[in-house]
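The chain below stands alone and is given as structure tokens, in the form predicted on its own.
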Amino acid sequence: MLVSDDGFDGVVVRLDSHAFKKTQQDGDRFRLGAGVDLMPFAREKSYEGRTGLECMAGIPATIGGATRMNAGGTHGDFGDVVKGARIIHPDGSIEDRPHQLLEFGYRHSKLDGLIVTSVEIELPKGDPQRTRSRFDEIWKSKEDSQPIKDKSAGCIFKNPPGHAAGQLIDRAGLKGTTVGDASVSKRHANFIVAGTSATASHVIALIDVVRERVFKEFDIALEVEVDIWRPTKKGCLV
């Protein structure tokens, strides 16, 4: 998620208190607060021999965010292990929504305009050596090809049908392109890396530069994978 430097008509809330960091286990089922960090939890459970989250190695997210956008990649998606989510509607009502009503798709779920407070997932017990090796293998692969130790929001664009966004950006000659202190990663072109003085405006402007160049070169409109909250003339968020 990227919030405009100009603000917008609303609030940004970080679910960082203890209440949203709780984890509970009942057999193979886990109830996770929406503020739990995905990566450390995925590593811990993979090392314990729980199957299903090895594919989350290297993906920056909280549990709530991972559910909202169905975080994932080549190796699998978070929605694959989700059994349900507890959500709050704008009117304050609370709903426990089962997996089938979450309608997971490619970087999509039916959670727009709702607040996720906790998520139930299922992680069957497997072979600890195998799950640990699989997690480490995926982590190493991403460490070798992606800027996972830099400040970024992960992949910035969705892959268009039949194409890889990173390859299109690379072919357009955009690796290393900068706006302010934000730059297209030289390691993987579908990442925008934020320097110490980068602002949301720098990142948004760079996104626009990339989209315009790729459309000009290949007649393909890249769709952002991150949510950008910024005011428009109509007062909406885009």
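C-alpha atoms forming the largest set that superposes within 1.5 Å between two forms make up the rigid core. A quick note: this is a predicted structure, and the numbers were derived from the prediction, not measured. One rule holds for the numbers: they count along the sequence shown, beginning at 1.
Quick note: we don't show the form predicted in complex with a small molecule, though the next part is all about it.
Three-residue candidate spot T62, A71 and I115; every residue lies within 4.5 angstroms of the small molecule in the predicted complex by at least one non-hydrogen atom. Stretch-level contact check against the small molecule in the predicted complex with heavy atoms at 4.5 Å: of 146 to 154, 92 to 100, 120 to 128, 161 to 169, the positive one is 146 to 154. In the predicted complex, L206 stays away from the small molecule, with no heavy atom inside 4.5 Å. Remark: F41 does not count among the residues lining the small molecule in the predicted complex, judged by a heavy atom distance of 4.5 Å or less. Among heavy atoms of F218, none comes within 4.5 Å of the small molecule in the predicted complex.
Although the partner is absent here, A34 sits close enough that one of its heavy atoms falls within 4.5 Å of the small molecule in the predicted complex. Superposition of the core reveals a Cα shift of less than 2 Å for A221 between the shown form and the other one.
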